[in-house]
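Two versions of one and the same chain are coming, encoded as structure tokens; call them structure 1 and structure 2.
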Structure 1
Amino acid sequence: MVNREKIRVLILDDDKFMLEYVNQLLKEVGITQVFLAENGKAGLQILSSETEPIDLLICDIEMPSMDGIEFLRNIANKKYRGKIVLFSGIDADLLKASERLAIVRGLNVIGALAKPINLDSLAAVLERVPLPFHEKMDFSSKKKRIFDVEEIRQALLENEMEVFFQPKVSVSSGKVTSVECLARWRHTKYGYISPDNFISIIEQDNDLINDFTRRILRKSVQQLEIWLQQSIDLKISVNISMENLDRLNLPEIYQEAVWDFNVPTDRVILEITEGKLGKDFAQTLDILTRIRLKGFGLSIDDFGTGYASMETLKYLPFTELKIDRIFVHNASEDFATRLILESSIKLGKAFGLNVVVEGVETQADYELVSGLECDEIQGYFVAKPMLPSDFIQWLSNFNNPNNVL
């Protein structure tokens, strides 16, 4: 159970009655650290002036001076990492479009509520808010970076980058078939830091992103070798950046990294984000085709969030399609979202691809996607990313005959 007394909330609404009403609802569920703003500009001022971060934003869409869409654009540019709930009296389709826009901008939207909201609907959304991670974001007019290239380069030299593993489960067998390997920076001051906070900086330096990706690949394959020796039958997925696709000998570099640990390349799937495909298409096709020739699997990640999905599937030699979480959340209740989810799964199956649905977080999500003939599911409903030792303990419990998803 979340200790809600520690959660800091900012409510944005131009209706003073609504501000007080939602404030009172929050008090009824145990949240007392609440800030109020009557428009987006006032909200930004509060975010910039507070010494401790705001963990949750409850944001109206229709507001004067700076509306909710403008406000969300501003906080996305400033890398806000807290949770967000949208609420409004606007048309349901427009509210859904606002939610998707916020998600596409990289914001962590956990719900969109139609006005008037009530205690039950608000409480249900608040169950998705974890204990606060108080990392101070920079909301000053002059944007600053917390980390720089040299600090990250030093972290690599000192072996501070670790790999967490998030399982993927077969819908048909109910067994764990593979794990996605996710980089985490074990920072001496901030603890474990996700790539969202540093990967964009690494990608600005071609040598650094190539070194980073190769190190994560080697660490992941090394762990897979240990598991295979223990008769734990798994595949792994490792994310690679489009910035890695700048050298024609990349297939050989990755093949060598895998063979150093006596792991077959067909045990390794390389994931590429769809939205970043492009640049030199001929070179991309060259490299990815030769990666497949080496035996690697190739996954198109975050499918549906880019702009060339059909062309991507037609020309590039993918073996797997991962459907983005924005088409899973609330799909059981929202017709348009469910339709896109169903169509994406059917499209992937028509191309003969292994279809993975990520972002499965609730029982309703699981029941829906498991009935839509996808191959694998991934998400917090199954398990969060874990260190190797925690994963082995989790796997032992998961494989217990009495365990049921």
Structure 2
Amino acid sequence: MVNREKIRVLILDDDKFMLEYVNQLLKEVGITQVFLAENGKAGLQILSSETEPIDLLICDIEMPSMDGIEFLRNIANKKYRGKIVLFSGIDADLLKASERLAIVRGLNVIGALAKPINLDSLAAVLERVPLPFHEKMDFSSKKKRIFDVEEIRQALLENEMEVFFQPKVSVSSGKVTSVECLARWRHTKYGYISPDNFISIIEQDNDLINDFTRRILRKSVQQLEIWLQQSIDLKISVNISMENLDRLNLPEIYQEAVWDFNVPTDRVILEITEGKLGKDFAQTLDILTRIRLKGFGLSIDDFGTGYASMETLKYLPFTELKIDRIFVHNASEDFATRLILESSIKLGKAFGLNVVVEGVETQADYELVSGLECDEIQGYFVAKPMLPSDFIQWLSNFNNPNNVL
């Protein structure tokens, strides 16, 4: 359970009454470290002067002088890493557009609430605040937020990069089909650090990202070999970066990494985020096609958030499509979101792809998604990413005949 006393919240609203009201609601759910700001300037001031990070920002959109959109633009430029809840009395479509804009700017929006908010809606959103691996890692803008390349290079040499495994479950059989391998940095000082805090830095150095991906692939395949020896029938999905596609012999490099273990390449799916595809189309197509020829599966990750969706589907040799979690969250309440989710699944199926829906967090998400045509689901509703020992424990509970998802 989350220790809410530790959560530090900033509320930004030009309406004094609203500030006090939300403050009161937060107290009722056990959050006591609350900062109040009546305008954007005061909000920025608090964010930059606090030495401890602000974990959650609750932000009004309509405000005089600096409105919520401008405020969010400012904090996105300053790389604010905490979570954000938007709340406003503006029209629902405007609120949605503001939320989308904030996400596009790279901000971590966990919800948008229409005013007046109440305890239930706030409490539901607050459930998403603390991510287990982040709690200590969201630095305020003043501190050095991010690691430098050298620290990461060192961590790689010291073998501090580990892999967590998150199951994917078949909708038709209810069985675990595969696991996604997700990198975690076991930092000597901060504990496990999530990849959002270091992957983009690694990606800036082509040799480093290649070294990193190869190591994560090797560790993941090594783990799969152990499971296969124990007759646990699984596939693995490993994330690769677009930056990895800078060398034409990549298929050979990955094939060799897998051949070092007793694992066939068709047990390994490589996931790439579609938003970044197509920098050098000929080279991308060359590498991806040859990766397939070696037997690997290829998955389009975060589908729906990139730009080249149709092109990607038409020309690139993918075997799987993973629909981004932003289309799952809220789909049961929001018609447009649901429409995108349904059409993406249909599109994927029409292209003969294995369609995975990720970010299935709640019973409602699950019920909605399992009624659609998708093949597999992944998300906190099934399980969070785990260390291998926890995964095995979880799997035996999950496979217990009394278990119903």
Ligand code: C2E
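Note that the rigid core is defined as the largest set of C-alphas that superpose within 1.5 Å between two forms. Predicted model only: the values in this text are computed from it and were never measured. Residue numbering: structure 1 sequence, from 1.
Asks: Looking at both copies of this chain, which one is the form predicted in complex with the named molecule?
Replies: Form predicted in complex with the named molecule: structure 2.
Asks: With both forms fit on the core, has Glu70 moved 2 Å or more by CA between structures 1 and 2?
Replies: Yes, Glu70 moves 2 Å or more.
Asks: With both forms fitted on the core, check whether the Cα of Gln255 differs by 2 Å or more between structures 1 and 2.
Replies: Superposed on the core, Gln255 moves its C-alpha less than 2 Å between structures 1 and 2.
Asks: Look at Leu321 and decide if its Cα position differs by 2 Å or more between structures 1 and 2 after superposing on the rigid core.
Replies: Comparing forms between structures 1 and 2, the Leu321 CA shifts below 2 Å.
Asks: If the rigid core is lined up, how many Å does the C-alpha atom of Ile110 shift between structures 1 and 2?
Replies: Its C-alpha position differs by 2.4 Å.
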